[in-house]
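Included below are structure tokens for two forms of one protein chain, each presented in isolation as structure 1 and structure 2.
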Structure 1
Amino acid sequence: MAIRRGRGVAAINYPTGMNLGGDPTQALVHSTPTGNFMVTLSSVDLGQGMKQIMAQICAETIGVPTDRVVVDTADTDTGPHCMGTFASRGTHRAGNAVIQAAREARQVMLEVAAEELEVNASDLETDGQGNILVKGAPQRSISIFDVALSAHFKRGRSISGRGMFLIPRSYPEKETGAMKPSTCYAHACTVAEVEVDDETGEVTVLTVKNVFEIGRALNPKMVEQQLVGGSWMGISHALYETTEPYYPNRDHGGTDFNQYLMPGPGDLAQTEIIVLERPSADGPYGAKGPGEMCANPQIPAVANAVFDAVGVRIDTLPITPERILRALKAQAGAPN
């Protein structure tokens, strides 16, 4: 009986979004009379930071500071359609829709500015600080604040835009079954080191080293936060989480979330995160979906590390002490 060490590695490709008969998200953007911009979505920010990212995307496209953008989300009664925040699709799908809507709004904004400055709209550019300038003659400029006032009260224009991003439904080819469920894949690789007590079956994850390739990180600190939390969740999936933990008698089983096991602050592996940015071809400013994929590679990596440590393949999650002990018994030739 001993504590045995093992190391496992796993790599994954992970689709951004999914395709269940077409995968659309729509967005609307409009300016207020004072030249702030409002993004309307029915997508949900559940803490991953979608509002911040959509504000950045809208601001970048229109050419204003991020704090000039307000994002309203999560009302499916009033917002334009979104398939939902799942499958790591939020940034990619909603972001593309916001870019399209913001481009249309920007075009109207430049047209109004062109009328005010008596130049061609195509000769105008934004300075990112809330002003519109004549290219090559920046002394001729107008603030977006004044453009919005003019649009509302003088010119009768709506500085607004509609955005739509749709990955059309992909049908499998009859002959081969081949299909294209996703257009954009994120990638990750994890090396996990574990200790397995072959007497109790208990697994301790010592270290996890993760590399994530997520397209462009639109907000690097928030990406890092997502990946750190996700890596922890991956270990949680690998070793802890189940709604049906094994009990000889189901009456003793868990009945509520408070009996749903997850690693606590005292059970943390030493975690390392490395981000590789390879901008995606069809993502908003090159982004892919880092959401769910970041909790995946730890699972096979831990399973492989357990195999490396004690020589048994656990093919059911979570990898509980009980499953390890049964597998060790079976390996030794004893009846289960």
Structure 2
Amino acid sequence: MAIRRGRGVAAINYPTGMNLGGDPTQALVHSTPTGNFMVTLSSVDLGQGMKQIMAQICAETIGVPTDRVVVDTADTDTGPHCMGTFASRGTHRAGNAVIQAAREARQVMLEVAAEELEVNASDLETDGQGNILVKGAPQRSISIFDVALSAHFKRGRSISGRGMFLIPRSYPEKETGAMKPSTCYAHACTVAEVEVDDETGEVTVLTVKNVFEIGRALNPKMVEQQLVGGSWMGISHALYETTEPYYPNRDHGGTDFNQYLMPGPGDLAQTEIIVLERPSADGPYGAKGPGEMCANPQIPAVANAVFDAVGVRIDTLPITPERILRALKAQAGAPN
């Protein structure tokens, strides 16, 4: 009996969004009288940071600091239409809609500023700090605060915009059934190293090294946090989590979270994250959707590492010590 070490590799690709009716999302952007901007969405922030990313996208497009943007996710009664927050579609779909809406609002803003400065709107640019400047003559400028006041109380203009992102629908070919269900894909590869006790079946994950290709990381620190957390979640799915240990038999299933097995801090492996940026042609500033993909490749990587360590293939999750021991007995010809 011994502690055996193994290494497993797994690579995946993951579609961003889906191909149902164009997978649409809408966004509204408008300025307040004081030059702040409100983004209205029905897309929901589930903790993945959507509000922050939408604020960054809007601010970048209009040309204002991010702290001048507020994102209201409203609800489906009062907000513009959205298919939902799922399928790793939030940043890609809502982000594109916000860009469209913000561009429209920016154009109105520049038109009002042009009236105030007595120039053409095409001769203006923003400095990213809350000011609008005449190109080549930055001493001629006006603050966005003053432009918003003028629009509301002098010019009678609404600095606002509407955006909707809709992907081209892909229909299956009659002869082959081939289709294109997504316009862009994210990619990942994981290498997991484990130790397996062939007497007890216990698995210890030593290291997990992950490489993710996610288009462009619009907020690198938030991306890193999501990818690390997702990697830990993948390990948890691989080795621990289940509500039905003997499905479809309900015996011994947990009844609450006190009985729901998950890894603690001491069970988490040394984790390395590498992000590859290959901007998507149709993504907002090149972004794709890393959301769900980040917890996927660790599962087959751990399963392959267990196989490499003790030579048994476990194809039912979670990979418990009991299942490993039963597989080892079956391999040796012993009755279970």
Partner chain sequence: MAKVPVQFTLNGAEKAEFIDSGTTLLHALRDKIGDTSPKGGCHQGTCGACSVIIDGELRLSCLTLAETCNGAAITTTSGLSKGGVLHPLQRAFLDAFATQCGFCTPGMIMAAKVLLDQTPNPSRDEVVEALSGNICRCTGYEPIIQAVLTAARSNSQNAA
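Whichever C-alpha set is largest while still superposing within 1.5 Å between the two forms counts as the rigid core. Everything numeric here is computed off the predicted structure, so don't read it as measured data. Each residue is numbered by where it sits in the sequence of structure 1, with counting from 1.
> Can you tell me whether structure 1 or structure 2 is the form predicted together with the partner chain?
The chain shown first - structure 1 - is the form that fits the description.
> So, does residue 170 move by 2 Å or more at the CA between structure 1 and structure 2, with the core held fixed?
Yes, the C-alpha moves 2 Å or more.
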